[in-house]
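Just one chain follows, in the form predicted alone, and it is written as structure tokens.
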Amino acid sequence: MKLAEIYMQFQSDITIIEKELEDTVKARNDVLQEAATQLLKAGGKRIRPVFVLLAAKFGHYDINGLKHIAVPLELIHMASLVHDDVIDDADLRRGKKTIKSQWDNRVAMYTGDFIFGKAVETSTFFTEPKIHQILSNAMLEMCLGEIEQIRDQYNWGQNFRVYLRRIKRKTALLIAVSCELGALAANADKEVQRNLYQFGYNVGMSFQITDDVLDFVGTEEQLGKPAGGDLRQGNVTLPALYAMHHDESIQMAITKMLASNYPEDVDISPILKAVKASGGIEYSISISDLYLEKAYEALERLPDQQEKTYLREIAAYIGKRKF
């Protein structure tokens, strides 16, 4: 079954979540309202809410309650993107102007904070302390991931373990807790919750590694921004990490070319070519595939029902997507 067909199975509930998202980001301030709405309308696959819905099918499914966990998770993701764009000084996201580009850094930071606040407010629907503990921990870990990325900018000597820890915090954890919280909110069995968390974590790791590969091999039209953006911003991802560890001349070239005060003006096509030739792309794909296999193993421990097949299909899409 194709991804679009899976989404169609949940179309009415996804529509409810979209409406709830729109209502939640409404603000009395015109600038906040416009900025938050622009971000919401920029699109996105709503992977996290869909994982909430699928996970909840292993328990007592009720969209009227589930929307209050699906919405906060998507809001946390959205807010993190706004802050990311400020940190990375990014003008485009999905081919459209970022909030910091259309307004400025101050508006972007407060818009992100506003959306984070709305996420916390929406989750108060639940009285279960564990839900709030999981959400709070996810937000804390994401902040740590961002701080680590800032700390390690232009640190071309960082290691594999540091990279994996960073992408766990920045990406994988929120996908993992989307699966876990969907099951928890639906009162699914605790073993099911644990397995869904493991599934989400491994899918999230594969998702981010694939994203990092696409930054080297994708076109500007596919990415909505120029290829090689991570390198320009001094962010070391797995393909470059592999290339630099296996060929010292690549690390020297990267260090030299991006030492300029204006790295955005540097032609990095020779570096992209060198990383591709190093085997870094193939290696990164192989690591992504290892995480996918672990995700599939976690799925095998779940009860046999249709949603298990849907989760596998989405995982396969995430690991093999082209944009």
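So that there is no doubt, residue numbering starts at 1 and follows the sequence shown. None of these values were measured; they are calculated from a predicted model.
The following text describes the form predicted together with another copy of the chain, which does not appear among the structures shown.
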{"query": "Non-hydrogen atom within 4.5 Å of another copy of the chain in the model of the complex for each of 106, 110 and 169", "finding": "yes"}
{"query": "Interface membership of residue 29, another copy of the chain in the model of the complex, 4.5 Å heavy atom rule", "finding": "yes"}
{"query": "Proximity of residue 148 to another copy of the chain in the model of the complex, heavy atoms at 4.5 Å", "finding": "yes"}
{"query": "In the model of the complex, residue 163 touching another copy of the chain (heavy atom, 4.5 Å)", "finding": "no"}
{"query": "4.5 Å heavy atom contact, residue 136 and another copy of the chain in the model of the complex", "finding": "yes"}
{"query": "One stretch from 110-118, 181-189, 243-251, 197-205 that, in the model of the complex, holds residues within 4.5 Å of another copy of the chain by heavy atom", "finding": "110-118"}
{"query": "Among the candidates 238, 227, 76, 86, the residue which, in the model of the complex, approaches another copy of the chain to within 4.5 Å (heavy atoms)", "finding": "86"}
